[in-house]
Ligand SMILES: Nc1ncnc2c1ncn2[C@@H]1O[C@H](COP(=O)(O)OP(=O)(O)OP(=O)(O)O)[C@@H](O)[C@H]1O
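Here we start with a single chain on its own, the form predicted on its own, put down as structure tokens.
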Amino acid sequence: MIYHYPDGQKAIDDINFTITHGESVALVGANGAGKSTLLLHINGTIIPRQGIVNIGNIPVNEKTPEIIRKKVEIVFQNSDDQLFMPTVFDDVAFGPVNLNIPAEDVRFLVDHALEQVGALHSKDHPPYKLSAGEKRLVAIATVLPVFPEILVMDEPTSDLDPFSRRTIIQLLKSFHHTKIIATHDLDMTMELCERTIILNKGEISSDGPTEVLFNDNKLLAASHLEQPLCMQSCPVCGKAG
């Protein structure tokens, strides 16, 4: 698959990979490596012009966005791009309402989703009054009532305080969906993703077991990355981890 920005700059250059059902896969790389652009292809926000993206045996194209988005749900990096309704309830209900699910079932699905993420108390609040961490939890809740097969997430722990970050990591650990996570949080990657794809200037520089790749300092340096803190030596005692 190849993708160019409107100004002609190449964002994705001949990428090819397969993710199997139930995998948790991290996409890591420096700013501008192509992570977010790749995610937008996976859920059909961007239609591939050169190459093919398949979700199962369904190609992502102009004829299949509704089918693809029932299978793949994306949580954007900026929660304000996802939360646009008057109340949290309305935002979480948006998906099932548009699937014509009966109102009584919608209420149950919304409550269950918010309870899963620990945000049921905010159900009647306007989203703009929530903290960044609360918004992120609600943004995740918005994709749960439609029971996606694949969760695609862009920087789910960015700009969060330590407690909110830990809450989201524990939440994602509990999900049995296929997860594709673009992130700079390599410590989170170590906890959640057994496989990592490293992107560098729109190309895949490596694809393999997370711990193996993160032990390759030469590979990380070439992709403008550093080992996660959990793998670095203590600056005081010199012990690893």
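Here the rigid core means the biggest group of C-alpha atoms that line up within 1.5 Å when the two forms are laid on top of each other. For clarity, every value in this text was computed on a predicted model and none was experimentally measured. Residue numbers here begin at 1 and follow the sequence given.
The protein also exists as the form predicted in complex with this ligand; that form is not presented, and the subsequent description refers to it.
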Checklist entry - Since exactly one of 167, 122, 77, 82 fits, which has a heavy atom within 4.5 Å of this ligand in the predicted complex? => result 77
Checklist outcome for this item: As a check of understanding, the residue in 174, 54, 50, 31 with any heavy atom within 4.5 Å of this ligand in the predicted complex should be identified as 31
Next on the checklist: Taking any heavy atom pair closer than or equal to 4.5 Å as contact, tell me whether residue 9 reaches this ligand in the predicted complex.
Outcome noted: yes
Next on the checklist: in the predicted complex, is there a heavy atom of this ligand that lies within 4.5 Å of any heavy atom of residue 61, even though the partner is absent here?
Outcome noted: no
Next on the checklist: Under a 4.5 Å heavy atom criterion, is residue 205 part of the interface with this ligand in the predicted complex?
Outcome noted: no
Checklist entry - So, in the predicted complex, is residue 45 in contact with this ligand at a 4.5 angstroms heavy atom limit? => result no
Checklist outcome for this item: Per contact check vs this ligand in the predicted complex (non-hydrogen atom within 4.5 angstroms), the hit among 35-43, 63-71, 208-216, 185-193 is 35-43
Checklist entry - Comparing between the shown form and the other one on the rigid core: C-alpha of residue 78 shifted by 2 Å or more? => result yes
